[in-house]
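Next up: just one chain, as C-alpha cells, the form predicted on its own.
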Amino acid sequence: MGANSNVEKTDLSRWRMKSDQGRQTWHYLKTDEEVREWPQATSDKYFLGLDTGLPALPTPKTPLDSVKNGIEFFSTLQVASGNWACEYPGPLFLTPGFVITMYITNTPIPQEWRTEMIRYLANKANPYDGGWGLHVEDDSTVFGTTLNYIVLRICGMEADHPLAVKARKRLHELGGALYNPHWGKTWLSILNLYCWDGLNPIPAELWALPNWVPIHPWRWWIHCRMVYLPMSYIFTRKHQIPVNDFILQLRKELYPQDYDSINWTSHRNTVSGADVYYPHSTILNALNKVLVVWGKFCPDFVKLHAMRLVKDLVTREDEDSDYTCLGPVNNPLNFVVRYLDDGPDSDAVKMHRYTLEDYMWVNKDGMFVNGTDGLQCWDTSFFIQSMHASGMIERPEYRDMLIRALNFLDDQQIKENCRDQGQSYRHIRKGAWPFSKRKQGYTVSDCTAEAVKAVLFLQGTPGFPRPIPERRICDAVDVMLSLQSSDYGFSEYEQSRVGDWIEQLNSAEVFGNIMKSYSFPECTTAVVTALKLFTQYYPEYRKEDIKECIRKSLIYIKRVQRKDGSWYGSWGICFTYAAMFALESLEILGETWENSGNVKRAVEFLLSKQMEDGGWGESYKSSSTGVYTHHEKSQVCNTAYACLALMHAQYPDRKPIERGLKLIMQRQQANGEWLSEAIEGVFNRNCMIAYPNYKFIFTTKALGAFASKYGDIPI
C-alpha cells in the first residue's frame, strides 16, 4: 500500500464484540486481566481477520457434504443473542458523519477508535491517487475525499503525513471542496468550512405545508425524508461551529483557492463531474431559485414555527427508535439537532452518544460505521430458510443452534405501533420484523416476510418449540398486506405515497431513485412467498385478501420483467439476484419453464450470462448502469443466485446448474468457509454495500436445494 501502510494499529486480539438482545457493540480491552476474563470468541476472530483455528473438514463429495461443512463453519459465527452478525461496509460517507458529529458535539473519540478509523481509511484509499469514492469500489470523488480527509485530521493525523498529502493532492485535482455535492456542502457548512449561502435551500418550512400538498416531505421515500428532516432544521438555523485554529487550517487544506475570496452564492450548483450521478432537473433548479428568494423574505415567526414542527418530528424519531434512528445518515444529524436544541447535558444527547456504538464495527482493515446497526434479523431468517431447503432443519445436531435463532426472532418481532404514528408519518409496525433489531423499530416488508417463513419452517418442524403464537404471526401478515402499493408491488418500509415525477426534485446529486418508495421484485417476491406459505398453516385467515394480494403481485412481477427476460435487482447485485426472487414467486404460483413464456425468457437470459468456468459473476456496474456487466471472474454469490433461479424455473437441463454448483464446491475452503469476493449489495443504484453472510447463506441453500430436488449425488 506504500504510504498507506504507514499508520498505527491496535492489538486486534484485544477487541471483543458484545451481542445483547440484538445490540452489537465493539469493546477494546486495555488490561491483561480483562483479556483473561473475556476470551475472544471464534466469531470475534473471524470478524477481525484473525486465525480462527478451526480444523480442516472432510473433503466434500456431494452437495450435502459441502452444505454440512458450510454449516459447521457458519455455526461458529452465531453470537450470544442467537443471531448471526457481520459487518455491513461499503459506503464511505457514513463514518465522516459520525466523526464530524462527535467533533461538533464535543463527544470524546476513544484513541483506539481514532487509530482504527485512520487505518481503515488508509486501507480503503485509492491505491493510485490516494482519494476516496462514494463507496469502497468507486473511483475517487470530491464527496468521499473531502469528508474522509476531514476524518483523518479530526482523528489526529497531521497534514504532512504522506496519506494526507496524497489525498489532498487528489482533492485539489478534482477542484477542491467547493465541488462537493449537496450532502457534502451541508457537513462542511456545519463545520464552518463552507458558507450556507452557497448551498441550495433545505427550508424547514416545507414541513409546515398542508399534508395535501404533493411535494410535502411526508410523501418522500423514508430514508430521504428522514435525512432532510434534521438537515432542514440545521439549515434554517444556519448553525456553524465557532472558527478555531484547526478550522482555519482545514480551510487552507481543503481549498486550492483563498477561502475568503470565494463567492459562495455562485457555487450552489458547483459539483464535480466525478460525483454527479443524478443531475438536477430544470424543475429543481427553478424551485431552488424560488426557495432562495423565499429564504430572504420568509418571516421569522414562520421559520420558528417550522423549526418547532421539525424538532418534534426529530424527537419522535429518536424516541420511536430508542435513539438508534432509521440509519447512519440521519442518526448523527438528529444528534446535532438535539445537541443544539436540548443542550449538551440533556438526556437526549446522552442517549445519542450511547447509540453511536451500535453502528461502529471493526474488521481486519480497521474501524468504520456500518450501513445500518446490523443485519441481525435479515441474515438469521435467510439462514434458517437455507437449512430448510437442504433438509438440515430436521437434523438433531443442529436443533440447539436453530432454537436459539428462533428465540432471537421471537424476541425481535416488533410488538407495538409508534406513539401517534400518524403525526410521525409512520406506517404500522406491530407484528413486523426489522432489518436489524427490534429497538430500531422500523417495519420492513421483506424482512417481515423472510422472518415469517423462517418461523413457520421452524415451528412447523417436530421437536421445535412454538414461542410465537398464531396471533403474532397474523399481525405480521396484516403488516405485509398493508404495504402493497397502487402499482401492485411492494416497497420496503411503506406504501408509495407519490408519483414518479417527484424524482425531478432529487437534490442529492450522487444517488438515483431516492425521492419515492419504489416497488421492487425482491420485496414483492418475499411477501408473496411468505403469504403463500402462511396459507398452508392458516388457510382461513384473511383468505380473500391474501388471494387478491398474490394475484396483483403476479401482475407486478410480470410487468417489471424486461424484454430480455431479466429483472433489475435494487438491493443485491444485480440481475442474477433479482431473477432468483422473481422466479421463486412465479414457481409457487405454478409458472415454470414448461408453461410460462416469462420463465423461459428469464432462463434464456441467465444461461446467456453463464461464464466459461460454469459460474456467474456480475460487476457492481450492473447496478449503476442498469446493464448486465460481467465481473472479471465468477462469484459464488451470483452463481448461487443463478442456480437457485434455474431450479425455481424447473429448467429441465441440470448441466448448467451442476456446473455452477461444482464451482461453488471448488471455492469452499477446507474449514467449510467461502472467502469474500466482490461486493454483494447496492442501494439507490449507485452506492455499493457488502452482505458478507450471503456467501454462506445462498451457497448452502443452492447446494441443499439441488440435493433435495435431484438427490445428493456427486457433481
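In case it trips you up, residue 1 is the first one in the sequence shown, and so on. Given the structure is predicted, the values throughout are model-derived calculations rather than measurements.
The protein also exists as the form predicted in complex with a small molecule; that form is not presented, and the subsequent description refers to it.
Taking any heavy atom pair closer than or equal to 4.5 Å as contact, tell me whether Leu646 reaches the small molecule in the predicted complex.
Although the small molecule is absent here, Leu646 would stay clear of it in the predicted complex, with no heavy atoms inside 4.5 Å.
Heavy atom to heavy atom, is Ile100 within 4.5 Å of the small molecule in the predicted complex?
It does not: once the small molecule is placed as it appears in the predicted complex, Ile100 has no heavy atom within 4.5 Å of it.
Quick check on Ser43: any heavy atom within 4.5 Å of the small molecule in the predicted complex?
Contact check for Ser43: no, nothing within 4.5 Å of the small molecule in the predicted complex.
Does Val444 reach the small molecule in the predicted complex if we count a contact as any heavy atom within 4.5 Å?
Residue-level check for Val444: yes, a contact with the small molecule.
Answer option from Tyr149, Trp196, Trp378, Trp113, heavy atom within 4.5 Å of the small molecule in the predicted complex:
Result of the distance check: Trp378.
Among the candidates Tyr88, Phe335, Trp616, Phe368, the residue which, in the predicted complex, approaches the small molecule to within 4.5 Å (heavy atoms):
Looking at Tyr88, Phe335, Trp616, Phe368 one by one, just Tyr88 meets the 4.5 Å heavy-atom criterion.
Considering the small molecule in the predicted complex, find the one stretch among 410-418, 282-290, 256-264, 223-231 with heavy atoms no farther than 4.5 Å from it.
Looking at the partner contacts, the answer comes out as 223-231.
Please determine whether each residue of Trp218, Tyr278 and Glu494 possesses a non-hydrogen atom within 4.5 angstroms of the small molecule in the predicted complex.
Answer is no for this spot.
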